[in-house]
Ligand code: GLC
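Single chain ahead, by itself, as structure tokens, in the form predicted alone.
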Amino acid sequence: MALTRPDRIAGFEERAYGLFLHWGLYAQLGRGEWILHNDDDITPEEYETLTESFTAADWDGREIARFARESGMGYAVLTARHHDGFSLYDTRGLSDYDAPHAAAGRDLVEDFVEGCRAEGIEPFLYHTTLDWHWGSDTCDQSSFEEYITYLHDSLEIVLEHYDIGGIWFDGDWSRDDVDWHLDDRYELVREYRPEAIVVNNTGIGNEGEISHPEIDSVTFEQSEPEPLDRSGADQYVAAEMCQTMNGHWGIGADDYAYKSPGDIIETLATCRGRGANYLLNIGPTAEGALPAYEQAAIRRAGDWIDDVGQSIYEGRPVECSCQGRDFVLETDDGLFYLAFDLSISGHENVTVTTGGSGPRSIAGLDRDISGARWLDSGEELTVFQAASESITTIDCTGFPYGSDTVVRVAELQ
């Protein structure tokens, strides 16, 4: 019997593509989000003085949400508190290590959530469970119980005061010798936000692991997702790949190894072909602005989404076997074939041959297909189908010279 997909999880899957934002005190150092842990020359006391220059002068939650919406994203996730223990939200007396007590002097999470709601973007909050400021990774068992109380008090503030659609935990992997009180944590989430999507990042090496029955989506950190095998499962769980625009999550001043619009398109398409969301990260500047290159690359990929949006947002993978990396998605209104590695046609003196074109076969589609057309050009494609419908062949033409959409989408008729 097929698993029932709850409406809230269906809504999450149809948002398809999200913006991840790793931002905090570490942005002022421009060397990634783990700088406090990685650099022995920076003492915790020196690091904490970064609050005095953390102005958040360029942080604008609504502008960021507008960028996400215009780029084709359906949700956004902000690091309300990362592993350094500094909170971007008002901890309401629980701690003075937060944005309202820093030079920013305001609640940056509130600004983000309100901005997302105004722009129709579903706001999620990332919240660490590993806290170097507290010493949760090194403290003894007795102190760890005190930490759990602090963590749950922090989460109660977040869940009670911010209108979020999901919460994204990260850090349980830091210790396997303690009781994380997961039942209590998730009971707290359900008490305040019963419809919230719950994610707990299981980290690199544990991709796709379901860590608790209350988890709504498993994670694939920095790696392409595998299709989930839901046979024998008690509940429907979604999947999400999270990835950085470069090699780390917080901004890196000396990093030049960025993903291209083509990389983004290929990864988003691959995720959707495997039934997963794609959560793509930007590290804002010290002052909270989105860097220019990342904005440009993501906006350009968004132009592709404008052309194929229905298939990407609503499409669910169809069980069939395609050539290479190709796959078929199905929406309530139709079928879509996504083709990778097509060649570009043109004069041999100006055209570099990559990929290929021509007939591509689909085995096991089990649908009566009478035709196909490229969404980008409207060109009709020749389709051959075996009498048994066991093999469907589409004659995939290459890109006309002067165009290359990286992944080309055909609507099947």
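Quantities reported herein were computed from a predicted structural model and do not represent experimental measurements. The first residue of the shown sequence is 1; numbering continues from there.
We do not show the form predicted together with the named molecule, though everything after this point is about it.
- Segments offered: 313 to 321, 328 to 336, 210 to 218, 170 to 178. Contacting the named molecule in the model of the complex at heavy atom distances within 4.5 Å is 170 to 178.
- Exactly one listed residue, out of Ile298, Val308, Ile265, Cys242, brings a non-hydrogen atom to within 4.5 Å of the named molecule in the model of the complex: Cys242.
- Though the named molecule is absent from this view, in the model of the complex it lies within 4.5 Å of a heavy atom of just one residue from Phe144, Tyr75, Tyr126, Tyr162, which is Tyr126.
- Proximity of Trp249 to the named molecule in the model of the complex: non-hydrogen atoms within 4.5 Å are present.
- Shown alone here, Trp34 lies within 4.5 Å of the named molecule in the model of the complex, counting heavy atoms only.
- Residue contact with the named molecule in the model of the complex: Ser154 places no heavy atom within 4.5 Å of it.
- The named molecule is not drawn, but in the model of the complex it has no heavy atom within 4.5 Å of Ser136.
- Applying a 4.5 Å heavy atom cutoff to the named molecule in the model of the complex picks out Asn201 as the lone residue from 196 to 210.
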